[in-house]
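This text opens with one protein chain seen in two forms, each one given by itself as structure tokens under the names structure 1 and structure 2.
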Structure 1
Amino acid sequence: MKIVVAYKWAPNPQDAEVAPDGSVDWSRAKGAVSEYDPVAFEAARQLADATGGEVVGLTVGAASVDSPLARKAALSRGLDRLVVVADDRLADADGTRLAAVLAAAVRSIGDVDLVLAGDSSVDVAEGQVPMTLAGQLGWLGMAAVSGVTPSADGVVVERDLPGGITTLALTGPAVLAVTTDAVVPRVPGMKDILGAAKKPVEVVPLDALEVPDVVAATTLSGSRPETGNRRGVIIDGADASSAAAELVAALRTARAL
């Protein structure tokens, strides 16, 4: 079984600064393997080990997704090899374009049985790219996957859905977005990190892939979310009891209790 782990090298918006015009300063935020992706690496490794398969890491994005640090971080998480499409023309690419490039890369890798991804990325946090990737490939795409285990004729998929815990028998190609419940990801040890340097990395030029044209959204304007437009009544809490009584009275008047 050949399994691709589609992962994202992304900064954490917890460390971003946002200007009043909505522009985002990422200078304090470092890139990392996106927070929910290590589960996909681990699930892929366990599945490949059980079925005698191969795990290929795949990431696409700006040139920065192919730094030595980024390569090592991915390759130390149980991959057999890595495929990277790193091009600054993808720096501001939206999810549908990234999914189109990922799909083209999956096709060029060839004979892929399964694509695993994290359920959501740390920066965009919409959980859309894996499902759009499935659309681009014409494959089945399923999110909220809480378990992936091998079976005699394929893979057993467990999903945590509003309607209940759903079990499926998977026999065809699919893109699965796995949640943090699926497996406990390993923390890369020294051996994993040293071994990472010896694993093959294939850099695929963007122009070598057949990627369809994707319409991008046009940004008309941006802003910082308004969180400060409130009453702003400040009470001195030096005397805790009287401050508490004053607050409770105010909340009752405002019908908040």
Structure 2
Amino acid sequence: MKIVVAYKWAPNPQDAEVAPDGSVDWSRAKGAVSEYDPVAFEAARQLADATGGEVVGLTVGAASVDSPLARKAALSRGLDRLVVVADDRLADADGTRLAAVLAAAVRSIGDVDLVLAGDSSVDVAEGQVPMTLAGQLGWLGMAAVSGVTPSADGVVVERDLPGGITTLALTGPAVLAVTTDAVVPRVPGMKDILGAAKKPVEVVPLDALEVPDVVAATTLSGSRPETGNRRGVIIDGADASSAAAELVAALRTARAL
């Protein structure tokens, strides 16, 4: 079984600066594997180990996704090899464009049985790329996947839905977006990090891929929800019963109760 993990090299949210007006400054944020993708790496590794398969990492984006640090960060998480499409023309690409490039890259890899991805990216958080990728490939796409295990002729997938857990058997190629609690991702050790440098990396030029034209959208404006005016209320806790009553009254005044 050949499993591709589609992941994103994104700004690390721990380095972001949030202004008093709620705007986020990413200019000083360093790149890292998107926070939700390590679960997909681990799920793919466990599935490949159980089937004697191969795990191929795949990322597309600006030239910065192919730095030595970016390579090592991905390859140390259980990948067998890495495929990178790094081109500054993809720096501001939206989810539809990225999914189209990912689909072309998956086709170029060939004989892929399964694509796993995190359920969202930490920077954009639209959650649309995995299902758009499935549509571009013409494959089955499933979100909210909380478990995937091998079967005699495919895989068994568990989905954690609002109505409960659904279990399905898949026999064809599919794109699965795994939930953040599907598995516990490994923390790369020194051996993993050192071994990452010896694993093969294929850099695929964007122009070498057959990427279909996609409809582009232009952002016209953006807005943030009003937070309202904040005011501090100090409650004397010397008398517990009196403090509780005062707290309830303050919450009712603020219409929080």
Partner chain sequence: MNVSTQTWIVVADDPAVSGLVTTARGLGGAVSAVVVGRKSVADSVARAGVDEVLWLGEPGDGAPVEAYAGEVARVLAEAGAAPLAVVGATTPAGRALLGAVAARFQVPVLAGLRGATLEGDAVVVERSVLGGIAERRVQVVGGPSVLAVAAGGVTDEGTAAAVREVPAQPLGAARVTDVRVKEQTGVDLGAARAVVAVGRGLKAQADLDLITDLAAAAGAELACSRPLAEGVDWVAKERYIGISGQHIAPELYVAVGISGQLQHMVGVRDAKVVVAINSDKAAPVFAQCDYGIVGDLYEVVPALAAALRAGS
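Under this definition, the rigid core comprises the largest set of C-alpha atoms superposing within 1.5 Å between the forms. Everything numeric here is computed off the predicted structure, so don't read it as measured data. Here, residue number means position along structure 1's sequence, counting from 1.
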| request: Decide which single structure shows the form predicted together with the partner chain, answering 1 or 2. | output: 1
| Core superposed, what is the CA shift for Asp21 between the two structures, in angstrom? | 11.9
| task | Fit the two forms on their core, then tell me the C-alpha shift of Val248 between the two structures in angstrom. | result | 7.2
